[in-house]
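In structure tokens, one chain follows: the form predicted on its own.
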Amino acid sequence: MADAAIEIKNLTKRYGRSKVYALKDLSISIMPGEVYGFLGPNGAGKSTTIRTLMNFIQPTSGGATILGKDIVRDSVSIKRRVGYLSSDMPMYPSMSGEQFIKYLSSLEGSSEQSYIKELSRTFRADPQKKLGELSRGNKQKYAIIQAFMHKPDVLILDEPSSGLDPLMQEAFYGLLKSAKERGATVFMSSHLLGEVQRVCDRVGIIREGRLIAERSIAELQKDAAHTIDITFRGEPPLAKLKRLSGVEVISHDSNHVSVRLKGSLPPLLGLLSEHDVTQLEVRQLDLEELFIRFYKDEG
């Protein structure tokens, strides 16, 4: 089995003398070519994790490696092979987009100019306008271009599609797909659960600095319950529904019941066959609802 591209072991961070841990014993292994989504609300520890991986801040204890190199001791050599995008990337407001990319390209030294031009066309980036005059979304285009332009082996992205319109989001998803196809590893935080469901292979959910769940997208989809809306001609058999194993009644009124099915379907259908059902509608839960429910359960 290949070594992990990113290996986080018991990573812990506490700021100053605070009694609250921003990260506590975080351990994650991300394999080469994997797109890993890092989920959690604001303040959960996502950005702290990313800043620590980039060695902008140092861990209180524990540590991590990227491509087999220690994030603190080998920080300089790691950065040559990593594309990084922060949630609020600082830019030179008096530079044009073209000047900004040329400047970063000269510092990096190995970017292909033809590929940079291709990225600029893909994102419809205005090369002459000063960065300080650009909208949030147009600045984000340049943040994405600089992260991808040297075709890094690892991409560490903090809310990468924030501010992009739907068309540019599609362009970004295409870029992620291409990076994955050439073998790049992607670690990305996001609050857009639909985005994560679409582009990631696996997700980790963080709460108050601790990893509370880790699942593949396939596992989440397989384990997801179904919500079934049932309309009866008369009064629903509420008591019988509540006694069915694997069935949770989530709402009801005079002739309508919504249930969440976690078990097998035949027992529910058997019960319904004994009653006059006028309408039956099955709704597949999406990742967002599953995430919210899981987070409440953990709370």
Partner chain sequence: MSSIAKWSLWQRRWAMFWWSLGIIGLIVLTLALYPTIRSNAAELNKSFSGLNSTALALFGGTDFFSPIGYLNSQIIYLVLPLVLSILSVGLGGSLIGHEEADRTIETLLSRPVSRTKLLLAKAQAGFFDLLLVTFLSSFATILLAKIVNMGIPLTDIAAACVACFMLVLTFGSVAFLLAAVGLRRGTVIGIAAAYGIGGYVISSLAATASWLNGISHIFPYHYYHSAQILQGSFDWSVIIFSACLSLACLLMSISAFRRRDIH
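Remember, predicted model here, so these are calculated numbers, not experimental data. Positions refer to the first chain, counted from 1.
The next section is about a form of this same protein that is not shown, the form predicted together with the partner chain.
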### Task
Report whether the minimum heavy atom distance between Glu108 and the partner chain in the predicted complex is within 4.5 Å.
yes
### Query
Using heavy atoms and a 4.5 Å limit, would one call Ala64 a contact residue for the partner chain in the predicted complex?
no
### Message
Within 4.5 Å, heavy atoms only: does Phe172 come near the partner chain in the predicted complex?
### Response
no
### Query
Is Ser94 close to the partner chain in the predicted complex, meaning a heavy atom pair under 4.5 Å apart or at it?
yes
### Query
Of 176-184, 72-80, 198-206, 120-128, which is the one stretch near the partner chain in the predicted complex, taking non-hydrogen atoms within 4.5 angstroms as near?
72-80
### Query
Of Met188, Met149, Ile217, Ile228, which residue is found within 4.5 angstroms of the partner chain in the predicted complex when only non-hydrogen atoms are counted?
Met149
#### Entry: Position in contact with the partner chain when the complex is considered in the predicted complex, options Ser29, Asn255, Ser258, Gln58, heavy atoms within 4.5 Å
Gln58
### Message
Under the 4.5 Å heavy atom criterion, name the residues of 83-107 that approach the partner chain in the predicted complex, in sequence order.
### Response
Tyr84, Ser86, Asp88, Met89, Pro90, Met91, Tyr92, Ser94, Met95, Phe100, Tyr103, Leu104, Ser106, Leu107
